[in-house]
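In structure tokens, the next block holds one chain alone, the form predicted on its own.
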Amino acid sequence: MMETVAEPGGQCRLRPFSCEQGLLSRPDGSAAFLQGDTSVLAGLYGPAEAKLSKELPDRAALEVLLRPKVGLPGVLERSREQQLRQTCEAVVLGVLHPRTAITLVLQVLSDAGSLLSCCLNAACMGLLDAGLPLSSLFCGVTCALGPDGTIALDPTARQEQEARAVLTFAIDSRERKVLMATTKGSCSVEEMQQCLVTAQRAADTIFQFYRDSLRRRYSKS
């Protein structure tokens, strides 16, 4: 599925994306999300009994683990784990499952750009597959700001390397609010606002893809 978003000074294009849920048998929910040549596999466990040291009396304790394609997790993975956890905590109704643990494991299968947004999309589809109560859905959108100020939506790894700034937004499905934002590089406030507007428009396409994907899955006899 591909969508074109018209922008002043050019066009921003989402790469083709696809998703398959319920791939793994051991987790309570799983999903594989593909954006262009970037792919992430998500496995969700819980709500389950929490260790006493991690137990929270008023809500579920949510943990996110990001595993790179090769090697051990580093500083970048730890930072992204925190960003992913904060996004998930904003929508998961953990108060309905106090004193329990929810663990989300994200395995990077290939990274060809816009990895964090692909992780966000895989996480949301994994949460849906597990049947966890959510206040809303969310999606991830990455924008790359070129040296001349042009915006590349859902950039490839090469576009990210050549960009002056790379911005990733987590956007909720109810009011298109920003749940999380991260920036690498330098940009003005105006440029950030332009990237946000572009990301919010692209989010409409991704949420429609979510709906179509779920409709196809549950309409099967």
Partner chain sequence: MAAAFRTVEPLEYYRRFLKENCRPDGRELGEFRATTVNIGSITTADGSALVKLGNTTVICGVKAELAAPAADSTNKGYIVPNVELPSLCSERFRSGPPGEEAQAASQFIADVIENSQMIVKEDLCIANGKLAWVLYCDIICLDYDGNLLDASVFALLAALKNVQLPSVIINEETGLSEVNLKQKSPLTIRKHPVATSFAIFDDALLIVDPTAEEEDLATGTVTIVTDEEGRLCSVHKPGGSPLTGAKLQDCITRAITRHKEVKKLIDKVIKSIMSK
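Residue numbers count along the first chain shown, from 1. Predicted, not measured: the structure shown is a model, and the values here were computed from it.
One more form of this protein exists, namely the form predicted in complex with the partner chain; it is left out here, but the text below deals with it.
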Practice problem: Classify Lys177 as contacting or not contacting the partner chain in the model of the complex by the rule of any non-hydrogen atom within 4.5 angstroms, answering yes or no. | Solution: yes
Quiz prompt | Interface membership of Leu76, the partner chain in the model of the complex, 4.5 Å heavy atom rule | solution = yes
Quiz item: Going by a heavy atom distance of 4.5 Å, is Arg85 a contact of the partner chain in the model of the complex?
Solution: yes
Quiz item: Counting only non-hydrogen atoms and a 4.5 angstroms cut-off, does Arg164 reach the partner chain in the model of the complex?
Solution: yes
Quiz prompt | Heavy atom distance at most 4.5 Å to the partner chain in the model of the complex, all of Ala90, Thr182 and Cys187 | solution = yes
Quiz item: Which of 187-195, 44-52, 152-160, 23-31 has heavy atoms within 4.5 Å of the partner chain in the model of the complex?
Solution: 187-195
